Structures are given as C-alpha cells and as structure tokens.
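Here's a solo chain for you in structure tokens, the form predicted on its own.
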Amino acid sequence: MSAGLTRLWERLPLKKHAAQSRIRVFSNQDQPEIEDDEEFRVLSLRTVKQQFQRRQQVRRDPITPPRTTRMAVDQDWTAVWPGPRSFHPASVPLPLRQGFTERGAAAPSKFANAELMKIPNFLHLTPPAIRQQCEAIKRFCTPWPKGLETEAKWQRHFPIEVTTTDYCQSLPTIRNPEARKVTVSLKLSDLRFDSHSRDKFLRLVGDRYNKETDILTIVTDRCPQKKQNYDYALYLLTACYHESFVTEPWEETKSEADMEEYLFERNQSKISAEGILNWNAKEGAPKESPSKSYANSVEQLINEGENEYNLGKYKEEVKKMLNIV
C-alpha cells in the first residue's frame, strides 16, 4: 500500500514542493522517519531589510624589538640615560636579575621586574657622565687659592669645622628630622685666651670640651632648619668667647681657697721654693726662681692627686732643684 501511495504522489505536478514539507509518510513496516532538511519558514509581518555589518578590525602595530639590540658598543651612555629615572629594561644592555625565587631557580630577569623598578638606581652617575658634567662646569670654577696646599694650612686659616648630614629616603616627604642637626668643632688652642678667660670659657662650655684632644664640639638641633641651627651654633661660640673676657666685680675678691685649680705662680709654694733657692744669698745678688718643670710637677701633683707617676716626677724635680744626686 505504501508503494502505491508513493507512485501517486510523484505523479502530482502542483504544490508538490510545498506539501513535502508538511506531510510525513508512514508505513506499516518499521522504517525510520523521513523529514525534509529545509529550514522552518518564519512569518514576517513587516519586511525589514537586513543589513549585514562587518566587524571593525583592530589594527595593531607590530611590536618593535628592544632598544638594546640596536645599541652600538661605543654608544654615548649619557644620551641613553641622561638623568635619574625608573629602571627600563629595554634601555639597559645588561643581563640584570633581581628577586626571590625557590632554591635552585634563577632570579627573575629584567623584563617586567618590579623589584628593579621600585628601587633607586644610579645609572645616570656613571664615570663617563660624571666626567662630562665636570667638564661642563669647569669653566665656572676658580683657581685653587694660594697658600692652602696642605691640610695644616687649611686648619690654620679655617679652624672651624662644620658637619651636617643629608638623607636619601623613600618617604612621602623629602625632609628628614635628623637633617637639621649641625655640629661645629674647633681646637681650643686656635683661640686666644689668658688664664682668666680660658678658665671661664671652659666653665661655660662644660663637657663639650675634650681635654685629651683639645677639641670643642657644639651640637645644635633646636631649630627646625639647618641654616638656623648653624647660625645658633656660631652665636653660642661667639657669646661664650666674648663673655669669658668679662671680669665681674665679685671675681676680684676671690681668695686662694676659692680658686678652682691650683696655680703655682699665685700660691705660697712659689714663695717657699724661692726662699729655699735664695737661702744664704748675698744682698744685691739676682734671685733664683724655680724651674718651669718643677712648677708643672707641683701643679700636676695637687690638681690630679697623688699617684705613683706624679710622686715620682715631683721627687725628681726636687732633686734637680736642690742638686741632690
């Protein structure tokens, strides 16, 4: 029966194509379903002109090779790295590596290396760059002053030494609170004193004076600026120096018991030593005075106290003064 229907269907000339898409042929036998492969027709109530838009193609420039591959061996480095800047791997022709890795693995290379970019570098301060900068500023320099050829001459003409410190740090502010500190030092022998002014000056400066090295050190950090602390240090030095020469009225009334240290020249020891040396001397004859070494031994014995060295030195000076062998 199915074979007869198929022949009848093939003989129909009209609407054959349209009917094939809607009718399915069944048979009594177990045969697979036959379907047409044509698309399902969509009912369009209004005609819309379909516009096909092409996707815009993104144009990408080709990646250029690193600059280091085109660098000459004798290239001027100051033209490549003229000033301070962050690390750039394509401009440095060195196989640099930095960073933490597991044991046995090589450190990360210079490309896309954050460790190299976040630390300061001194690639702009190479010896050729420094030499070139020195040649550029040489025409602004003056000849070295005559008479300052040695360090001893420097210290004689410029006895004051000023020490300051600058800090390079990675902070939101470039100012470091320790940078305001100023240290002024000089030798006390470079200043002119008499016995009274020297004693008074040492009392004014206190423990800022080192007796072993004969160096006076003044440190100032009270003011917020370095220049202010420098001016304040020079002011303290000048004020103490001029104040030491001022003699107050009450200082004239000081007796021997009020003296801060023993001085041989203004004590009874000098009169006693002169009396011993000039005993049985004829009238009108020049008087003998004790030697300088004897005076120093007496002052050292009384000011520093009795010890083996001071007692031995005083003993030898007494023998010399009395001509005792």
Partner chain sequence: MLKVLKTLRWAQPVRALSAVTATSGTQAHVSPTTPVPEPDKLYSKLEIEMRGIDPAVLKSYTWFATTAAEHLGIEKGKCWSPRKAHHERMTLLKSVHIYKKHRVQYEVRTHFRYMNFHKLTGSTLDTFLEYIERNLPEGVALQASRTELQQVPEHLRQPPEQV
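Everything numeric here is computed off the predicted structure, so don't read it as measured data. Residue numbers count along the first chain shown, from 1.
What comes next is about the form predicted in complex with its partner chain, which does not appear here.
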Interface segment, criterion being heavy atoms within 4.5 Å of its partner chain in the model of the complex, picked from 249-257, 212-220, 232-240, 69-77: 232-240
Give a yes/no on whether I119 approaches its partner chain to within 4.5 Å in the model of the complex, heavy atoms considered. yes
Closest heavy atom of D199 to its partner chain in the model of the complex, within 4.5 Å or not? no
Can you tell me whether P224 touches its partner chain? I mean in the model of the complex, with a 4.5 angstroms heavy atom cut-off. no
Within a 4.5 Å heavy atom cut-off, is L96 in contact with its partner chain in the model of the complex? no
In the model of the complex, residues of 104-140 near its partner chain [heavy atom within 4.5 Å]: I119, P120, F122, H124, L125, P127, I130, R131, Q133, C134, I137, K138, F140
